[in-house]
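Form predicted on its own, single chain, as C-alpha cells, below.
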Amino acid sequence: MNTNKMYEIAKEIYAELGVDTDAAIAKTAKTPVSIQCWQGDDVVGFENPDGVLTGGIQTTGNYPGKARTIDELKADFDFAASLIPGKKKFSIHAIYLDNKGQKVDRNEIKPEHFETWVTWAKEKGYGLDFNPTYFSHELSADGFTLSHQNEDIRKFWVEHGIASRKISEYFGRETGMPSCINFWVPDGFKDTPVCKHEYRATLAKSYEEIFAEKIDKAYNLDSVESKVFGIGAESCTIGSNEFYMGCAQKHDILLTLDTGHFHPTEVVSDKLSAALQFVNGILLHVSRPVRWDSDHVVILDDETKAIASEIVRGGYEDRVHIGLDYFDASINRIACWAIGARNMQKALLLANLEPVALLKKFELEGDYTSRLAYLEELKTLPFAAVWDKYCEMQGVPQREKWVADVKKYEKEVLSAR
C-alpha cells in the first residue's frame, strides 16, 4: 500500500479545513507519554519477588512470560517501545528498586537503588517518572499509611515520601526531563467512620512534612491523586477529590486525575478546564474503568479522545502531563503496552488534526449548527492515512503489523521464561 500517496490525499483534505497535517504529526511526536512499568510484571516489583498485592491493588490473569527481573522488564519495554511512536517516559514504582538482593525498606530507598534505571533511560532517550509505593507492606496492612494514627507508622511513611522525592529529583537531573512523582495512598474505611476529621487532618500534616523541602521544578514535579473508593475502603477514602484539590493548591503542586477514580458518570475530560483554573498543572492517569477502577487497557474510546481534545483545545500541552495506568495479566503484557500507548498517541494525533480555530469561531459566533456539523464530519476524515504516515516517520509498524512482531517475541523470548 502506498502510504505516501494516501497521505498526500489526506493532507489535501485536512488543508481545506486549515489543518496542517505535517505540523500535527510533529506536535504529536514531541508530546511525552509516560508508560507504566507495572504493566510488565503485574505490579509485583523487585523489592520482594514473593510479595502479595495489598491495599486495594489487584491484577487478574496469569498469561505466561511475565518479566521476573529488572533486565527482563527493560528488555520487554524496549521491545514495546519499538512498536509505539512518539516521545516516551517510563513510570517506576518504588518497589521496582535494584536492591542487589539486600533488604532495603521503603524509608531507606535512595537514588543509588535506581541507578540501573537511569543508565538505561539515558541510553534509550526515555524520561523517567516516579511513584512512592504505599501498598503491599506490613506497615500498610491495616489500610492506613500517611493518615495512620500510630505516630511511628505515620513517620515511616512520611520518610518514604521524602526519600521518594529525592529519587524523583535524581531522575529529572539525570535525564534532562522533569520527573513527575505521584502520591497515592490506599487509606480509608470499609464501613462508615466517625473520625474523618482526625484522619484527614493527619494526612494533611503528613503532606506538610513531605513537601516541606522545596525541590526545583525543573527536576521534580509533585502530584497528589484522589480516589472515590477502593477495595477495603468502600465507605470512606481519606484522600478524596476535594482533599487533594485543596492540597494541590496549597502546596503549588500538580493534581493527578485518574480516569478510573471517580463516579461512573463523571469524566476526567470535563475536569481539566475546571481544575486548571486553580491548579498550575495536572498529571493524568489514563486508564479504562469498566464499572469501577479496573485498570483495563486503554482503547480509542470517546473519553480517551475527549481528554486529548481538551488538552489541545485548551492549549494545555505544557500544563497537562500524560501518564498511563493500567495492568492486564490476562493477555500478552507487551501487547497491552502497545495497544494502550498507541491508542493514546492516536487520540493526541486526532486532537491535533482538529481545526480548533474554526470550531472556536463557530462557537463564539453562536453558530452551534456549524459547530456540530463540522465535529461530526471530522469523524470520517482520512485520519488513518495520517496515522500510517506518522508511524512510518517514527519507524514503528503500521496498522496491525505490530501484532506479528509481538507473537514472534513471545515465541522466541517469553516462552523461554
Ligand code: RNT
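Treat the numbers as computed from the prediction; the structure is a model and nothing was measured. Numbers for residues come from their place in the sequence shown, where the first is 1.
If you look for the form predicted together with the named molecule, you will not find it shown, but the lines that follow are about it.
Heavy atoms within 4.5 Å of the named molecule in the predicted bound form are found in one stretch of 378-386, 64-72, 362-370, 38-46, which is 38-46. Contact annotation for E225: at least one heavy atom lies within 4.5 Å of the named molecule in the predicted bound form. Although the partner is absent here, D325 is a contact residue: one of its heavy atoms lies within 4.5 angstroms of the named molecule in the predicted bound form. Though the partner is left out of this view, Y316 does not reach within 4.5 Å of the named molecule in the predicted bound form, counting heavy atoms only. The named molecule is not shown here, but in the predicted bound form it comes within 4.5 Å of a heavy atom of D258. Checked against the named molecule in the predicted bound form, the candidates F135, F243, F211, W120 yield a single residue with a heavy atom inside 4.5 Å, and that residue is F135. Residue in contact with the named molecule in the predicted bound form (any heavy atom within 4.5 Å), chosen from K346, H113, H160, H285: H285. Applying a 4.5 Å heavy atom cutoff to the named molecule in the predicted bound form picks out H93 as the lone residue from 85-120.
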